[in-house]
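First comes one chain, alone, set out as structure tokens in the form predicted on its own.
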């Protein structure tokens, strides 16, 4: 009863005094959005913002059914989502807000520094199952390969760039978050996974891919083979297909694309899409 009364008071206060901003989507973009919201609410204390990071597909679905204002995504819209968007007379505006390199991570104790796309393809399709098949100098131990789940935009990019449309082996263990991948690899000497570069810590080792390091310079020049843009989408049809000017969504977009907002992209470990100098 007390919880009900508290929620009622919160909802009443929001209705009377301010706006809401509901943000859902990518787990990769989540650390950036966390920093954005912290600063945004200092600038606009009348706006109540909420954030969920259950995956890009989840955010885009929420934007489609009108249960969020902003969808974070680590991939572009799929053909089926664009078709559904047109069918529903919606218009999702894509904003590139950062660049990322999908880092291939292993336990720091494993004696490997580089891996090829071809080898990753064989591991994730089940053609290679032990580390000594990758390199005879590595131990003859089963490879514990992890992947993000199917709601993840990073998973979709991995399917496109590494698996080339092939099915994932049933040997691969699916995890619900990037943080879960980091923890799993840090605890298992024979593990491998992939994640956005902003999640990489000294608990794991990021490998070169095809001999290229996942550095800022290599991602920006497109040399790193697993580079990609990160997106924010909002629905322009909510504003009669006119650019919003004076509401919480408009203020939030102006902020995240500003030099101050882009500095927070860098702080989260990703690469700003725009300048960070005022």
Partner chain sequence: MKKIGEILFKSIVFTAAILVAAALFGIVFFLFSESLRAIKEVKWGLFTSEWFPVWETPEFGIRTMLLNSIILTLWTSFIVFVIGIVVALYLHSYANKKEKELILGVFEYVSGIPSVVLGFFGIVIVAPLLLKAGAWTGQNFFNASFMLSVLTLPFMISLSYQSLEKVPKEISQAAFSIGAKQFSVMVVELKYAMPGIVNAVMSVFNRIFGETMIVLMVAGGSNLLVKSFFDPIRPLTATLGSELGEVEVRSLHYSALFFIGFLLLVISLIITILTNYVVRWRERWIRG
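As the structure is a prediction and not an experimental result, all values here were calculated from the model. Numbering follows the first chain given and starts at 1.
If you look for the form predicted in complex with its partner chain, you will not find it shown, but the lines that follow are about it.
Listed residues 99, 76, 146, 92 were compared with its partner chain in the predicted complex; 146 is the one with a heavy atom within 4.5 Å.
Interface residue among 165, 111, 80, 136 relative to its partner chain in the predicted complex, by the heavy atom within 4.5 Å criterion: 165.
In short, of 80-88, 115-123, 169-177, 197-205 it is 169-177 that has heavy atoms within 4.5 Å of its partner chain in the predicted complex. Looking at residue 130, you'd find every heavy atom of it more than 4.5 angstroms from its partner chain in the predicted complex. Interface membership of residue 182, defined by any non-hydrogen atom within 4.5 Å of its partner chain in the predicted complex, is ruled out. None of the heavy atoms of residue 227 is located within 4.5 Å of its partner chain in the predicted complex.
Taking the partner from the other structure, its partner chain in the predicted complex has a heavy atom within 4.5 Å of a heavy atom of residue 58. The partner is not shown here, but in the predicted complex the stretch 24-41 reaches within 4.5 angstroms of its partner chain through a heavy atom at 27 alone. Legend note: Cα of residue 269 to Cα of residue 177 is at least 3 Å closer in the predicted complex than in the depicted form. Distance between the C-alpha atoms of residue 53 and residue 186: longer by at least 3 Å in the predicted complex than in the displayed form.
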